[in-house]
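Given next, in C-alpha cells, is a single chain: the form predicted alone.
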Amino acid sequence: MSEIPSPPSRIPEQVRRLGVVAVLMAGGFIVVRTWAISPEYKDTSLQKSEAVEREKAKPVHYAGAAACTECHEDQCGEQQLGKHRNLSCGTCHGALQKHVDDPLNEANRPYAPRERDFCPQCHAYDPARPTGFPQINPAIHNPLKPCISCHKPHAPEPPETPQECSACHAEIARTKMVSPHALLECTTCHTTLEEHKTTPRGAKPSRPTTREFCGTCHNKGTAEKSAPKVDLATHEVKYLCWQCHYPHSP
C-alpha cells in the first residue's frame, strides 16, 4: 500500500522566515532595553533636569517687556492701549538685554526701525492674512516716506482716518480697477459702519446675502445691457454668487 503524502504547508516559506526575523528583532530589542542601556539614560527626570540646566546656561538676549516698562513707562503704556499691544518690544527693537544691563552705553542703544521696508513685513498685502488686518500696497501708499512719518509706532493709528477704501485695501482696489466691476463703488455691494474706519476687524463691512442682489444686474431680463446674464432659477441655485465668482474680478 502506497504512503499517503503529507499535505503542503499553508504558510509560505518566505512568511515563516520573516516571522523568525521579527521574533529575533523583538527579542534583541528587549535584551538591549533591559540590560544593555545604562539606567541613567532611561531616567526621564534626569534628562529633564539636565535640559533645564543646559538652557539656563545659554546667554540671555531678550530682556522682556517688563524690563522696558521700568524706564519707558509712557511708551509702554501707550503701546498697551494701541493696536500693537500684542507685540513685544523686541519685535521691533531687537534683543535688549545688553541695553537693560548698561542703558547709558551708546553701543547698546535699541534699534529703532525707520526703513520703509520694515513695517510692510506685516502690513504689505497678503491674501493669507485675516480679513480686516490693515494691509497696504507699499508702492502706492505714501511711497518713499518712512511709515513713522505718519504713524506713531506705539499707537499706529493714522493722524487722519482714511476716507477711501483703497487706503487699506489697495490690492483689492487695483484688482477691481481692471475688472468688469471697475466702475462700481465699493458701497454698491458693501454697507460699512463708520466704526470700520477705526476698528476694521470689529466692524466688518456687509456682504450680499441673497442671490437676488447680483441678479439685479445679471439675471436674464434685467435692464443692465452690458452685464452677462444667467437664469437665477437654474444657475447653481445652492450657492450665493460670490461663493463661486470673486466679486472684485468676476
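These numbers were taken from a predicted model, which means no experiment stands behind them. Residues carry their position along the shown sequence, with the first being 1.
What comes next is about the form predicted together with a small molecule, which does not appear here.
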item	value
Partner-facing stretch of 36 to 44, 49 to 57, 23 to 31, 204 to 212, counted where any non-hydrogen atom is within 4.5 angstroms of the small molecule in the model of the complex	204 to 212
Distance check, Leu81 to the small molecule in the model of the complex, heavy atom within 4.5 Å	no
4.5 Å heavy atom contact, Leu104 and the small molecule in the model of the complex	yes
Any non-hydrogen atom of Lys229 within 4.5 angstroms of the small molecule in the model of the complex	yes
Any non-hydrogen atom of Lys220 within 4.5 angstroms of the small molecule in the model of the complex	no
